[in-house]
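Same protein, same chain, two forms; see structure 1 and structure 2 below, as structure tokens.
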Structure 1
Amino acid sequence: MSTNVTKRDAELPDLVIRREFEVSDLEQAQTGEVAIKLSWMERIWNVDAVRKLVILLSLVAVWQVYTVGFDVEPLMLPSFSDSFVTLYNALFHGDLIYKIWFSIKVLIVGYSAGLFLAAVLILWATASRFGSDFIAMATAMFNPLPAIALLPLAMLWFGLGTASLVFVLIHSVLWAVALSTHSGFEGVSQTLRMIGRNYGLHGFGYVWKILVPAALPSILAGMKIGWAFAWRTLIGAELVFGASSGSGGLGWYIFESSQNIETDGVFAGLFMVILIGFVVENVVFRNVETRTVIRWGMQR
């Protein structure tokens, strides 16, 4: 014991005694600039839209300069201006606008039919355990199956044309929406459920007034995924057989342009695909979200 103490003492450094001192000339504490005025440049640069626009413009500029300055073969990569002129001509002097309308029509029919079927399935699933098991089985099996893989079968069953397009679209929407709605319903807290029961809600009223609002974030997420799958499936499907159905859609326009090696036409089609996708995702769904889940404080 005593050896231990001496050992510890031996490790201690020597005691250092510092001299006492008094600081007599501390300056008065000063607060620097709390709010500096931003220069015009900084204020403009702080606007999100401006920065994004600048990025977009510089991307376009790089593309244009690269294609024009380096004499890139227009068949491989047409310049931005060429693509834009082609788009303008196709929209206002060609029939691109009808092709887009054709695609959107099919998409809306397929999407709403898919939503409707998903709603029916989900109602059945909330009503009975057998239904719930069935949904769980069917979604686990069919959700990983790309809708486009059913296209050959659909063409066989419904012939070439809108009916088979609608069939694959339904398949692409139905399972994604049913899956996330079902798991959303299962995640509704027991408290909310009991409140609903307390109000005497059951059957359809229970689903509509309790489960749907409580699970809306996941329902919306499912609808967004469903939309994305449907949009991808539609473009993919039109790439195959817009030809045979007479008036092809947007996908067919891209395919046709690429077959004729009119690459500027391909880019014009891609512009429209991006534009439509952008509008649906960032305008339509964004609006629905701000009016529901964001306003209700369920999602930021």
Structure 2
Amino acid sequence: MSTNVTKRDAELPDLVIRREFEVSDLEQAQTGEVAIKLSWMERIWNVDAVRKLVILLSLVAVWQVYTVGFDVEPLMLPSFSDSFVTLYNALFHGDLIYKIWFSIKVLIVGYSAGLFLAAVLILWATASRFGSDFIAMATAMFNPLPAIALLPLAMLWFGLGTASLVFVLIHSVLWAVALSTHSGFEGVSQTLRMIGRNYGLHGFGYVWKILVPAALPSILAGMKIGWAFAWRTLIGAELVFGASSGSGGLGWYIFESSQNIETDGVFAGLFMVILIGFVVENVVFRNVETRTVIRWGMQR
């Protein structure tokens, strides 16, 4: 045994013992560079809003240069400046602001109703195995079904009005939110589930205090998907309902502009669709994520 130890020790390189020292003068002590000082340009470029604004302005510049520099027919593709002037006049000297408010009101009603029904289904799925099977089956059936395909049935059942719009919006929101939330709940670890049961939580309290915080990234993802589906479904539905009943919101404004061969008006309406979607995505949902999942360390 001693021979083996001697051979092994002989094969090891000589160890270098670093001398210990103590700095009594704290002013001479060096801890290294903890953080690199950035220039003012680098600090500005690190802001997400600045980078996104640069991308947006670049796209606008390409559009403007292409339409003006190549003398594109305005009826086919108006310049950005012409479309922006039309949007400004429609907002402050026309009735576009009222049409936007009409669309937002319908969207809030349909989106809220879809979230409520999704919450009811999720609670049912959490409480029973049959409810879980129902959500799995229903989402597989109805989630791939485009909401716009239900417009004929909505017109037949509810007539030409807000009720038909709310119906197709509920379909757009319900299954996307239910599927994402249900998948998030199933992904919650057994450790968290056992902690909740050890604390005596059950029913709604168990779902609210254990499952919802743990699955919040999936829930927010489903809510964003449901919002996007609902917003574009509303615009498409208003094109049909507006053409039928002579009233509507932002989608009806786009339809009117196309019928009057006002391409700049069509682009003005599309600007508002994009702008509202951008604000909701990057202001509303982003603030919710910052105050919850990012602060809790669940998302980078």
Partner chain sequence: MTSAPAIQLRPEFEADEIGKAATGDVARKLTLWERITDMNSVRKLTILVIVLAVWELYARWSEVSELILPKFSKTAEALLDGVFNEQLLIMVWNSLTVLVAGYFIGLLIATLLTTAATMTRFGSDILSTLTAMLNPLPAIALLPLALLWFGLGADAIIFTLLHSVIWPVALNAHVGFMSVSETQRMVGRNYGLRGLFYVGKLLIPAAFPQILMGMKIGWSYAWRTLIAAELVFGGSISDTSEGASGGLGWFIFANQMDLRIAHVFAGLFAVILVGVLVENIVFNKIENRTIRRWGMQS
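Quick note, the numbers are simply positions in structure 1, starting from 1. Predicted model, so just to flag it, every value in this text is computed and none were measured. So that the term is clear: the rigid core is the largest set of C-alpha atoms that superpose within 1.5 Å between two forms.
For the form predicted alone, the corresponding chain is the one labelled structure 2.
Put simply, the chain has two rigid parts that turn between structure 1 and structure 2, and the hinge between them is at Val85, picked from Val85, Ser164, Leu201, Trp208. Of the two rigid parts of this chain, the smaller turns against the larger by 13 degrees between structure 1 and structure 2, per C-alpha superposition. Per-residue C-alpha deviation between structure 1 and structure 2, core superposed: Leu53, 4.1 Å. Lined up on the core, Trp63 has its CA atom moved by 3.0 Å between structure 1 and structure 2.
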